[in-house]
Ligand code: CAA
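Have a look below at one chain only, the form predicted alone, in structure tokens format.
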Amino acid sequence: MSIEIMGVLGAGQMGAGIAHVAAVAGLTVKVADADRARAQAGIDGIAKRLSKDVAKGKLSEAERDAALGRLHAVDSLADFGDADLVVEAVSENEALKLKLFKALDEACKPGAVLASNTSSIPITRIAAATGRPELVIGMHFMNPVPVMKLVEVIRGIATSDDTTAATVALAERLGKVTVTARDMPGFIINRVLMPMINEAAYALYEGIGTAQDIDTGMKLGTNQPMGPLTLADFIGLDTCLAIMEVLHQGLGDSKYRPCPLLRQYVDAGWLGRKAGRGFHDYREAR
């Protein structure tokens, strides 16, 4: 199964990052979002980041220009008709993903792989919204995509060996290292990571330490590059809450109950760096 034309649905931080690495790797990439203007805005952001890579000596001007020439903003899912694989990278909302995968199934050619960048929602359930469950797979990129080396590949119960092999080969072509996870809530990465973040939120909620003390302690005591509350702010507290809810509902264990403080911060709109405030305050840095 050869993949030369990729569709990317969603031109936000994750979608643009996926489109970025795919274009640099030599694929033709079609980018769609709610409208063409948003898709083009995502590509414009990629152009700026590629120019920074040129300035740092990571790319030549010719390589940047060639990558930009392979990026195309499109109007709708119908423009994915010739794509060999489409990666969905919209918000972590199951109802939205199910709706989009049903539409992608109708828009894409027979044999095209439909991949989701979901960080927690079961692939088997997403695949059931389509008429090609054997061609649906999880392709969970890490943020920021151009920097992080890992792609978590998740097989649904019906995902074929050929689909898995093609997805792993594509990730490797993009310069990534893959791990394969069973299709259970949270998969590998967030099954381990999010409970740690949630427990750090409980430590803050219970007054065990300040946000700064919790993060400094975990950084220096466990050799992590950033503390769990800083990482939560970087991910987005709304995303963290959504993943914890998937874990809690999907596994039915009270140890996955989202911290009330995490829920309160999301209710307040304190979503982390993107909002200027989360567990830490970023307003002066703006």
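Just so you know, these numbers come straight off a predicted model, no measurement behind them. Don't overthink the numbering: it's just position in the shown sequence, from 1.
The same protein also has a form predicted in complex with the named molecule, omitted here; what follows describes it.
- At a distance threshold of 4.5 angstroms between non-hydrogen atoms, M226 is in contact with the named molecule in the model of the complex.
- Looking at M194, you'd find a heavy atom of it within 4.5 angstroms of the named molecule in the model of the complex.
- Although the partner is absent here, R49 is a contact residue: one of its heavy atoms lies within 4.5 angstroms of the named molecule in the model of the complex.
- In the model of the complex, none of the heavy atoms of G156 sits within 4.5 Å of a heavy atom of the named molecule.
- In short, of 210-218, 176-184, 135-143, 96-104 it is 135-143 that has heavy atoms within 4.5 Å of the named molecule in the model of the complex.
- Shown here without its partner, the chain carries K56, N190 and I235, all of which come within 4.5 Å of the named molecule in the model of the complex through at least one heavy atom.
- In summary, among the residues A78, A128, M148, V168, the only one with a non-hydrogen atom within 4.5 Å of the named molecule in the model of the complex is M148.
- Site annotation in the model of the complex: the residue of A242, L27, L231, C259 reaching within 4.5 Å of the named molecule with a heavy atom is L231.
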